[in-house]
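Presented below, as structure tokens, is a lone chain in the form predicted on its own.
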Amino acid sequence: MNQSLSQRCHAYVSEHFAREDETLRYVRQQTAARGLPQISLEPNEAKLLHLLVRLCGAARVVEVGTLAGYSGICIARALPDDGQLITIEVSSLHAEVARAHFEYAGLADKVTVLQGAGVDVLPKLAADAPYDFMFIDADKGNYHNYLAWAADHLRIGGVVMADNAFWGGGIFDPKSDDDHAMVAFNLSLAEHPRFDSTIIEVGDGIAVGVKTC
């Protein structure tokens, strides 16, 4: 597919299947206004996340990397009435903003925001495993640790999903530590004996694995 056709296809999907509603537009605007990094999922990535949560029948989800709550809103909307999202955010400011956004979206009763580093918080969640779905969009150097946690604490048939699998092209000519971390993560997921996996060519690459054993 040439670049021109790819752009047209992207625009078509965005127009018909992945339109941002008022709440998501507000969260994106506030992310910029509050000076947070403008690295939330693009609408087509967010719709894919939402659908995957729904498709696997997830009721208990763990997210590492809350930012302003954009992806968390998409996850929580896909959960059943008694579903629960636990989302982990290292920045106290980002966690505060996200809590306000979950409240704004009418989802505060479905979402628990835990402030701290993912590698420190995840062990505290182990006692309540198994979980149905895990979304990773945080510090790249720990993606391999988050994958290991998913392998041990997702149910059979549960899904792990990770953003930035292509890392802006850094995986093709790795130079930085994060480049090499994403190369290692992708290869680990591809070869993992407990996951059936692939990378979906949406946005910056969405890595997805279904736990098989």
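Everything numeric here is computed off the predicted structure, so don't read it as measured data. Residue numbers run from 1 along the displayed sequence.
In what follows, reference is made to the form predicted in complex with a small molecule, a form of this protein that is not presented.
- By the criterion of a heavy atom within 4.5 Å, Ile39 is counted among the residues contacting the small molecule in the predicted complex.
- The small molecule is not drawn, but in the predicted complex it has a heavy atom within 4.5 Å of Val64.
- When contacts are judged by a 4.5 Å heavy atom cut-off, Phe185 does not count as touching the small molecule in the predicted complex.
- Under a 4.5 angstroms non-hydrogen atom cutoff, the small molecule in the predicted complex lacks Lys110 among its neighbouring residues.
- Here the chain stands by itself, but in the predicted complex one stretch of 51-59, 173-181, 64-72, 151-159, 64-72, has heavy atoms within 4.5 Å of the small molecule.
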